[in-house]
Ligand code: BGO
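A single chain, nothing else alongside it, follows as structure tokens in the form predicted on its own.
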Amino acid sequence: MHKIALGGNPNSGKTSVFNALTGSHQHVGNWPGVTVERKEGELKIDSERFTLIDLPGTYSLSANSLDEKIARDFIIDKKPELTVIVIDQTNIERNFYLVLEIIEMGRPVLLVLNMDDEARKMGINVDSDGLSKYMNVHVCKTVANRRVGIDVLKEQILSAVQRQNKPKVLKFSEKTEKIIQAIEPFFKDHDPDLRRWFAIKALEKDDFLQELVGEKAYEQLSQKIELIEKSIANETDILLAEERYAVIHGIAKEFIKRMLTEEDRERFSTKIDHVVTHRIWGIPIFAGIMWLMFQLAFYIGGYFVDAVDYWFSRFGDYLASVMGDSMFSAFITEAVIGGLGAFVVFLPQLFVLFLFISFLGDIGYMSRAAFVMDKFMHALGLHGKSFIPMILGFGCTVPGVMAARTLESKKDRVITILVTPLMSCGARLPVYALLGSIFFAGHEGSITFLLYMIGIVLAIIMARVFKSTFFKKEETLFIMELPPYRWPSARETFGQAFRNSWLFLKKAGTIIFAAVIIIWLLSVFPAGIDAPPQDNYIGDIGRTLEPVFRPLGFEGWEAGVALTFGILAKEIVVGTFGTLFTGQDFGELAEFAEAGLKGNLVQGLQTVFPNAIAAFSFLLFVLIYTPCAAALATIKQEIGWKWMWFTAIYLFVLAYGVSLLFYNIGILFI
């Protein structure tokens, strides 16, 4: 089976190309030794079979970040038969820097000029045939998110693999070529195809060469480069960057025709950016968009939540009537229907939230949000690029933590990972929706927005604390390319929302299902199903924890149990309440309860939280405290055991302090 690598800049449409080529034949795992996600796909062209490896999106192969190192090492060590490089035609000059670096390796290359429709709208026309002949590489134009040009791309892949043409070596100026030739002898014992590339990397002062040539040779190499820099009165890494951009400028002048004037190219997206990235209005606009997102998620999703809740309840009543009174019947109605159903009913609201987050990312707004936050975050210890992993944490903490690997500075990576759990993940949304509908009816969206904003503010404050405590001297610059606004493909946007929703359901059917079974067993033994839960093991656990949480306003022992099991997965907080309260008799409270699963939860939660202040104190604790087991495991893999335990402990202490302070101040006003 042929091995192909797929590379490209972030926002170039690389994922769309990967999905279009491989369809459902995809596998997701981790790169060896790290938790960075590795995507592989299979495709068949005529009678040939191919494995397509999706490399992390990078701007270069300088190995300043883990993503760049992974992409570079894979091309060098695994020697794919072909490297397919996806290029955003609307920003072709910026994308071509990575192209030149890969071509310098002397390996077969295929260029995918993506977003052809947007390029034409902007008056950009690339002479793909001329470019192909000049560089001796295959070139194909696509609109990947609409599957345009994919069949031609497959034909080009087959042809490129069969021919194995090496790309043309793009020469620099005569002076620079002589400098490169002076460095090449240091790599005479290595792959002849890579000698020129190694020499260039040496001139760019890439540290990985020290291990390649050995300490003594590397010292001699460094001395040679110092002599060269003195002779040319310039730094060699700057010289190489200037040379590459000179080559790119020449290619652009020869093969890229722009049919619009500079004034014409002041396009729609640029005009929008004058508003949404404004130094004063940018942050309020971001906050307004987030508020609207939560309002719509609860408003639109709320219609479906009531329907799902109704049918879950009816189904539970039907099963109870058919199976009668038995332990198995109690297990089905209390654990499966009550425990799992208690948070699955909120899936419609989660889906709408996932849909909006996917849409904002696809149209290019999330990069603007990072840009808007840059100045404020930089003053507090981070830069705007760190906000991207934090935004990803809105969906799930795990990919948010993993995304921090794209940050060049160790300081930024560690601090971003430490504060990303404060971004309110989708797993917490059922808790917000449940308590919001009971104690803040009609204002669920605003309450959820407030919690998300509190998480962001706390993350920024803690970043400043960590920066001044652990990383006092490190400073980094913020460089980020803003992609043009694009109207997203409905298939891609909805597809991402469906995938996230499916992961939520998959989680419900595995770890959460196992947890609610354990909770239910603890609630019925040893006294039996006829005894109230507080008379069983779960009650013993709850009463032990109750004094710890009572100062926060939680009057029922169930709160401590829910929070403890919530460390496994935050959805279990709602699942625990659902399991414990299903089938209980709440006396006079029953006449105020609504029908369905939420009716049981209304009755039970009113005994745990005596007022809205206590309920919001609980929501604050859920927002802040120790992240789930999966997130902790990811933190351990990314930055080690020490930081994992630090994260678990500091977030619990912070949650307790914030909730305690809020409750004791808030209770004074009621």
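None of the values given here were measured: they were computed from a predicted structure. We number the residues from 1 along the sequence you see. We call the rigid core the largest set of C-alpha positions that still match within 1.5 Å between the two forms.
We do not show the form predicted in complex with this ligand, though everything after this point is about it.
Taking the partner from the other structure, this ligand in the predicted complex has a heavy atom within 4.5 Å of a heavy atom of Met115. Taking the partner from elsewhere, Ala403 is found to have every heavy atom lying beyond 4.5 Å of this ligand in the predicted complex. Residue contact with this ligand in the predicted complex: Thr142 places a heavy atom within 4.5 Å of it. Contact check for Ser16: a heavy atom falls within 4.5 Å of this ligand in the predicted complex.
Of the candidate stretches 144-152, 68-76, 422-430, 572-580, only 144-152 has residues whose heavy atoms lie within 4.5 Å of this ligand in the predicted complex. Contacts between 162-197 and this ligand, taken as any heavy atom within 4.5 Å in the predicted complex, involve no residue at all.
Relative to the superposed rigid core, Pro610 undergoes a CA displacement smaller than 2 Å between this form and the one not shown. Core-superposed comparison between this form and the one not shown: the Cα of Leu563 travels less than 2 Å. Relative to the superposed core, Pro399 shifts its CA atom by less than 2 Å between this form and the one not shown.
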